[in-house]
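Only one chain is included here, represented as structure tokens and corresponding to the form predicted alone.
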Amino acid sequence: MDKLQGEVRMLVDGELVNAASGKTFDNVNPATEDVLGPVADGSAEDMARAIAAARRAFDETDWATNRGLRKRCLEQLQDALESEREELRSELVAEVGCPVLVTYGPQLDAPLEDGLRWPAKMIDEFAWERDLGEREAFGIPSRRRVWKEPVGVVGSIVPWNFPVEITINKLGQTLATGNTTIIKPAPDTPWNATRLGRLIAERTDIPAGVVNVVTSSDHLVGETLVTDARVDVISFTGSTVTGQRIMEKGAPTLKRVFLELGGKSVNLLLDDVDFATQLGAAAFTCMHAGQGCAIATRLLVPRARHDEAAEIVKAAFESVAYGDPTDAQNIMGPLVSAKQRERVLGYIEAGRREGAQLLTGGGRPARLPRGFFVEPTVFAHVDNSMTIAQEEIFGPVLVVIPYEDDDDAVRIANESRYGLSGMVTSGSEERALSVARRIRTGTLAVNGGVWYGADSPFGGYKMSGIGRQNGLEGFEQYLETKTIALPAR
């Protein structure tokens, strides 16, 4: 791979700028542990300037009301991203550590397909106004209408695991609905966001201050978005613990929050499926080293067939191609950082300590001395109360849990503080749907169906979050509702 030249500067108030302090921090390749290059290390001062710019752009320009401008700008940004798609692909592989194979799906190509196009289309199709007709109240006959208007300034806080996918899906709906925004990328993966900022500044008519990008090594700089009263909405994707902190810190200003948080999703195989055919897909847990909130990490199988299932899964995990993310044969690369690697290894040790049976993996691969790698790992004979069955590991770790019958399987699936996603497979579609209706999660893949798309709402029940990304539900969470009344004619 040619040496990458990432964008160092942030986008603040329409200008590409260095940090006010002049400081930078290193962007590190998780597969090699080499420094890729620097990026601006923004401070509270830089964030305050970005918030002021976003507030001013919302309050003093026609961005909130000029739908034609918004649509044109989204189309310009789509074209700009398309023109640098391959550079962005290489950049993602380097800074995220995601396999290049995955960039042809959810890391890049999938969100570029409709993450901006669908919201742009909705600008023309959405019911911005509706008529409630006439009604007499308190003796006064009136004509009543409902208007949908943008909320204001959105703080978009993006994680490191699927940064382009998440940023594009936040930005498309934020801008289409007429809001302004400050994007705060994760310090582990900043260059995709600064590239976006450069493209906005150089290739679109998006007015100054409508989109700002602030990079920082300090997570508390992002927290400024949560506590500042000039920010109206927080759109956050990340851990449940951080989501809880955002709710707490945002409470004094009564901020609207969209929180897409953790998951501990089930892959539930009912007793009438062909195990040999279906269980090989369980190795999908290792895709991008398991660093996906919707990845199914709890495999539920009939108790009578537990050992059979465990052996099939063990073989599947031992055949997973992993290593160098630039190799198109690999579906799994490194974890994003040394900190994340140690966290995953800590969970694996907890599984051993609590009595789960380690079938394969469980450590750092000897053949990969550099990079933040963990072996594809499977635990069997797992009780759903164990730490590895209840907590989000965010690594290439699958737990195999036996169940007695359909009712027991549903009980186990729901016996989790999370409710983000999952899978149900049966030889009978009617039976699969019956079970799916009883599982409390925001998305479910039934008999191999795929729910993903910009028009499809994604989010969770319980501790997996509040609100939805994408779909009509996601579009409307960036809108306020105003009801007006006029005298009857």
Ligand code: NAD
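All residue numbers refer to positions in the sequence shown, first residue = 1. Just so we're clear, the structure is a prediction, and the values are computed from it rather than from any experiment.
Beyond what is shown, the protein has a form predicted together with ligand NAD; the following relates to that form.
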Verify the flagged residues Pro99, Thr103 and Thr326 against ligand NAD in the model of the complex: is each one within 4.5 Å by a non-hydrogen atom? no
Within 4.5 angstroms, counting heavy atoms, which one of the listed stretches 261-269, 408-416, 296-304, 346-354 is next to ligand NAD in the model of the complex? 261-269
With ligand NAD left out of view, choose which of Ile200, Ala186, Leu92, Ala283 has a non-hydrogen atom within 4.5 angstroms of it in the model of the complex. Ala186
Among Ile401, Ile388, Cys73, Val226, just one has a heavy atom within 4.5 Å of ligand NAD in the model of the complex, namely Val226
Given that ligand NAD is not shown alongside this chain, does Asp232 nevertheless sit within 4.5 Å of it in the model of the complex, heavy atom to heavy atom? no
Going by a heavy atom distance of 4.5 Å, is Val28 a contact of ligand NAD in the model of the complex? no
Applying a 4.5 Å heavy atom distance criterion, does Ala338 contact ligand NAD in the model of the complex? no
Would Thr177 count as a contact of ligand NAD in the model of the complex, using a 4.5 angstroms cut-off between non-hydrogen atoms? no
Could you list the residues in 232-260 that come within 4.5 Å of ligand NAD in the model of the complex, counting only heavy atoms and keeping sequence order? Phe236, Thr237, Gly238, Ser239, Thr242, Arg245, Ile246, Glu260
